[in-house]
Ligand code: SAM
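Here's a solo chain for you in structure tokens, the form predicted on its own.
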């Protein structure tokens, strides 16, 4: 679910309380917490107090969400200042985006992150969402050159049974997860009927939103899965450079087909999550600027951006990884251009930069993270790249996962297509 910055109760009157948050007072409905008193700390959403926390916990949450970054404005170039000002009133040009991607002034990079963080707070408040991902099959019929579970890779394959997927999802829902991503390779052995059964049974047992990350399955398949209860689809376009896309997909995947999928998925009413990789071999600064503009034009609900990580047994195994620095810049620029979009800190970022990359990503405009909930017996087999990061932070789970219908409503208001 979503973590909000704590607010301190100033006064209580019946079912309402005045609370102090970020130096401002506001009225909050406390009907779920009738014993609150002045001085208490709460977490709240959509105007409703949903959890009381100790002063110690409140301080820890504030520390998780607050930035200590200071910007030295005297070190910023006039061009950089003009670009940041322009981002407040219009779409940035390709040339302006390229400047932000290439600046070697560390103070400008620092200021870019700071501005993105400020925009996140202004438009999304302090909602940092924690979602779960279940990798239910590493079987894939495709041979994408960047992927460690491509069809030609010699990896141990697995497919979770329908009952295993449903049971894993139910356990996650019991812990408070309200959005689950079901991810697999493009596994044609899972037919539409089985996938529909998974979606329907999870929805029957648990009040959760189901996102699908299962590749290109065509209009009819996604129509059936939407009817079964799926809410969203995660489908990256990877790169907007059609030639580079073709070179990465020897089995004949076509970028136009990927965009066609994204178009009809939106028509079917899915919440769309899409994005691209940073640091792909052969990718240029101009490509990344075009990727950002393409993402802006697609206008998804979630922008998923991660660095390229080379994987053994792929044609790109000897290539260099994408950098976390460049990925953070891309995330920040996207936040400047898409004020309300959800931006997760991806597992690839954590794999390269460790657990500390979570806060770095949030301070660069991110507002979500995905925790891996795949059963341990399968988790290490889903090796789309090596040494994949799996660590869950119990603090985030403790503070951000709420039980009850109110937490579902909180997310529902943020996932409207």
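The structure displayed is predicted, hence computed values, not measured ones. Positions refer to the first chain, counted from 1.
There is another form of the same protein, the form predicted in complex with the named molecule; it is not shown, and what comes next is about it.
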Does any part of residue 247 reach within 4.5 Å of the named molecule in the predicted complex? Heavy atoms only, please. no
Please determine whether residue 183 contacts the named molecule in the predicted complex, using a 4.5 Å cut-off between heavy atoms. yes
Does residue 203 make contact with the named molecule in the predicted complex, using a 4.5 Å heavy atom cut-off? no
Quick one: is residue 344 in contact with the named molecule in the predicted complex, heavy atoms, 4.5 Å cut-off? no
Name the stretch: of 323-331, 303-311, 103-111, 86-94, exactly one has residues whose heavy atoms fall within 4.5 Å of the named molecule in the predicted complex. 303-311
So the named molecule isn't shown here. In the predicted complex, which residue out of 146, 190, 271, 177 has a non-hydrogen atom within 4.5 Å of it? 146
Which residue, 336, 265, 225, 214, is the contact with the named molecule in the predicted complex, using a 4.5 Å heavy atom cutoff? 214
Taking the named molecule in the predicted complex and a 4.5 Å non-hydrogen atom cutoff, the residues of 78-117 making contact are none
